[in-house]
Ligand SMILES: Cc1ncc(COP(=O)(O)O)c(C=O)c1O
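Presented as structure tokens, the chain that follows is alone, the form predicted on its own.
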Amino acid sequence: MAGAREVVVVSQSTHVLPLEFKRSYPVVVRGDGVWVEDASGKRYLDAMSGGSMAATLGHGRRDIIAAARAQAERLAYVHNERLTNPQQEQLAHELAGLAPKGFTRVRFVTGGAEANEMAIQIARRYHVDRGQPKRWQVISPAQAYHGPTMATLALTGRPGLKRPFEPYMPDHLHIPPSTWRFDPTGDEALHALDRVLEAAGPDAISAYFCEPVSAAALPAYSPPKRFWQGLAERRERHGFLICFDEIVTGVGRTGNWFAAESLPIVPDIIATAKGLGAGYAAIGAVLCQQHVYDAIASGSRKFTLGHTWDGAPLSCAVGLKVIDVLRKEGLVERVRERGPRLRDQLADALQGVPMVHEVRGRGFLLGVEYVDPRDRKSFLPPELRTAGRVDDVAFENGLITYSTMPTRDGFAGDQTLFAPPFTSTDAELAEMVDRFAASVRQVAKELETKLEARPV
């Protein structure tokens, strides 16, 4: 069986269609807590919760595995079109209790992109059932990522991700993000939002769609308070909905059950996924406020679109156990309390590295932003692949990280995510920080010679 017995897999040695054909993939064979081990026996500290921020409780949790097994022995699967099950009903009840006030209904899906796409569908259903069928367009930040489906790719303004699939995508609208470099107050983004609303016509806008705290696209970034306040004012004035992509931030990642709790705005719809299954089951959820439900209940009285595994007993049982573990072990509170210290530790360890502009974030969702060390503000030349090099060196040092590269739209440069499991001990967090700082310092030293002959 090609690839299965190898230590490292390349595209020529496997039947798997890989994400990147030039990349070599170490074969990971086991995990324990915050550690994973590859087929050669090398161990890695997992500072990215499974690589995609999903394994929030670490690897090898026997209690979650036991809950999944027990449910599978009773009833693993039943479709939810004409039947329901106790696990789906109980998990919906739990999530409604944990969400911000006003969220009363939950629809389950099997992943983040599906959750975001269903959020768009629910927003559209809401407007149609209220007699406003012209409302279909969505506004979102240009620098964002919401998933790989055609509908969710359309939500991003990043042309590099969307090519060559544009013919299949709806024509949604985008505004620049309010970053320190371009718009530190949030006023420019609000002006851009006003221009987009005027050009499209407010009656054409279904929703504003964004992450409360960004993950993959702009690690650990959130707009300033002024932007959120202005967005709430415009929702009131123009009648669109606000949808939060909490695929990453939901279920504890920022030190709250939902990141929306820490913002001066309450969304109408929340999509979440990764932390709900904690890497043990494929499950996501879309939560909506009562007024959204009421519009559909008094209109078409149906929302039948769904997927095969939506609300299945097995995945919902895992979700219930994940919430139980988070509660009993006080892990959301730990992330809230420990996050600021972790951010400070990371910033202190990177102190004096000229290419590090800032370390930011909330809870266990942190971002490190790099700049050209010659002027301390410009983007690094993209062809140098600085953030990619940080990942490569970190991996050599036995640490799993995830970095983003400069974007063609010019809104973001090299950055790294730091998102460890909630169960990481203080000693393990300190070791992650040490290995990461050593990796960044090595790349910074390499960068000095590469930049010597280049003009700023």
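Quick note: we count residues from 1 along the sequence shown, nothing fancier. Predicted model only: the values in this text are computed from it and were never measured.
Below, we refer to the form predicted together with this ligand, which is not included among the displayed structures.
S.K.: According to a 4.5 angstroms non-hydrogen atom cut-off, is Tyr145 in contact with this ligand in the model of the complex?
M.R.: Tyr145: yes, in contact with this ligand in the model of the complex.
S.K.: State yes or no: in the model of the complex, is some non-hydrogen atom of Glu211 no more than 4.5 angstroms from a non-hydrogen atom of this ligand?
M.R.: Yes - in the model of the complex, heavy atoms of Glu211 and this ligand come within 4.5 Å of each other.
S.K.: Does any part of Pro100 reach within 4.5 Å of this ligand in the model of the complex? Heavy atoms only, please.
M.R.: No, Pro100 is distant from the partner.
S.K.: Is Lys321 close enough to this ligand in the model of the complex to count, meaning some heavy atom within 4.5 Å?
M.R.: Result no; Lys321 lies far from this ligand in the model of the complex.
S.K.: Please tell me which of Ala349, Val266, Ala113, Ala192 lies within 4.5 Å of this ligand in the model of the complex, judged by heavy atoms.
M.R.: Only one option qualifies, and that one is Ala113.
S.K.: Out of Cys243, Leu326, Val248, Ala285, which one falls within 4.5 Å of this ligand in the model of the complex, going by heavy atoms?
M.R.: It is Val248 that has a heavy atom within 4.5 Å of the partner.
S.K.: Among the candidate stretches 105 to 113, 338 to 346, 68 to 76, 181 to 189, which one is within 4.5 Å of this ligand in the model of the complex when only heavy atoms are counted?
M.R.: One stretch meets the cut-off, namely 105 to 113.
S.K.: Within 418 to 449, which residues come within 4.5 Å of this ligand in the model of the complex, counting heavy atoms only?
M.R.: Residues within 4.5 Å: none.
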